[in-house]
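A single chain comes next, written as structure tokens; it is the form predicted alone.
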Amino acid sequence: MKLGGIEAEALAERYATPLLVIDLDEVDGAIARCRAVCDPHGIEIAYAGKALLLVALARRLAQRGLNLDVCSIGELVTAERAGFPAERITLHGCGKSNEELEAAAAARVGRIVVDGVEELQRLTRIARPEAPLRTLLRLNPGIEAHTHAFVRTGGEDTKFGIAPRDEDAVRAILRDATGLRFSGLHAHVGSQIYEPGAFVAVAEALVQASARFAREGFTAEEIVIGGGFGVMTDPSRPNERIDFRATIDAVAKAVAVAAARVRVPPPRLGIEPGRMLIGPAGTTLYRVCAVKHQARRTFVVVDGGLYENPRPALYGASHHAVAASRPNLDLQEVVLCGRSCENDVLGRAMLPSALREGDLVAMSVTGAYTYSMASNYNRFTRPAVVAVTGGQEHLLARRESIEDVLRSDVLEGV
């Protein structure tokens, strides 16, 4: 098995396992496909940094002309070290710290998405009248999408956004906020959404909201409908993906129609894809630690798991897995497991019956929300991340050492 023209076994030998491999040619292709759909509509594309953000990756995304969303000081500093232009960075977050608000006020980002009334109040005390901060309001229009509850960020039972009943309050604050410049509205309903109608509904709701703001003297120059465009995670379910072109075309049309209906100028559109651009480009390589034939099932335990990919345990995410070091023949259904101290199930997989300890297993579509959500649970070290392109490899993040894990421990603390 080759990744980016390089043998998977060779990569595993050089960098050890688990190993996250990012195919940069696939990333570039995803960006090009996204731009081909969005550019004709003048839609702004901002990469959602929470999916995966490393300094070298951020530098490459900047070179490709994307904007960037960050939601912490850590992500912002990553972008800054990559030389990402501040004016193309947006600060997100439903519970921003004063340090993050101060960074926005200091023009370390080009705009901020405000998530609540109290946050807006704090921001007005920090913002600088001599350099008004471009500000979007994240609304919660009550729209839900059919996705797992843990990744659903719209609807009445989520923590995100400004409720309709608080719109008068935020407008009152904005009227006196000399350090802020109202720019537009934002909403996001969740991740892994396969229904175009969810995005259309969000866009229409934001246009309707822009009319309410316009009546109070606030012109929404832009609306951002978030990300969450569903990607295929299992080749046996090829229809489990969103028709991105049809979705964007429908959203653009809906915005034009809705704007004419409520008599406001059509706002500029923005989207925030993360997984769609980086997820399919990622493959995680594992070594098999043990194959256990229990009473009813065969369990294949690999050297990764909950600590480097918590998504299957968090919300049942699935990733297609294949044997990377032997022919995929005489397949049997197994339970693929990690080695954390839980019943750490990565999912069911069809793997060769001859699979043995030491064999290599490859899990696909792991570019997003794996390394970025990794931890040192059980004091495991986080894996390396290597990029491949055109038969060449580039280390993006080195494998942690035990010393890295113990670095913050205070030996005389007790």
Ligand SMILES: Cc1ncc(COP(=O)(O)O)c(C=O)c1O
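One-based numbering along the sequence shown. This one's a predicted model, so the numbers in the text were calculated from it and none came from an experiment.
Below, we turn to the form predicted together with the ligand, even though it does not appear here.
Taking the shortest heavy atom distance, is Phe84 within 4.5 Å of the ligand in the model of the complex?
Residue-level check for Phe84: no, no contact with the ligand.
Give a yes/no on whether Ala48 approaches the ligand to within 4.5 Å in the model of the complex, heavy atoms considered.
Ala48: contacts the ligand in the model of the complex.
For Ser191, is any heavy atom within 4.5 Å of the ligand in the model of the complex, or not?
Within the cut-off, so yes.
Spell out, yes or no, whether the shortest heavy atom distance between Glu272 and the ligand in the model of the complex is within 4.5 Å.
Heavy-atom contact with the ligand at 4.5 Å: present for Glu272.
Among the candidate residues Gly227, Gly282, Gly305, Gly161, which is the single one with a non-hydrogen atom no more than 4.5 Å from the ligand in the model of the complex?
Exactly one residue meets the criterion: Gly227.
Heavy atoms within 4.5 Å of the ligand in the model of the complex: which stretch among 101-109, 117-125, 181-189, 209-217?
Of the options, only 181-189 has residues within 4.5 Å of the partner.
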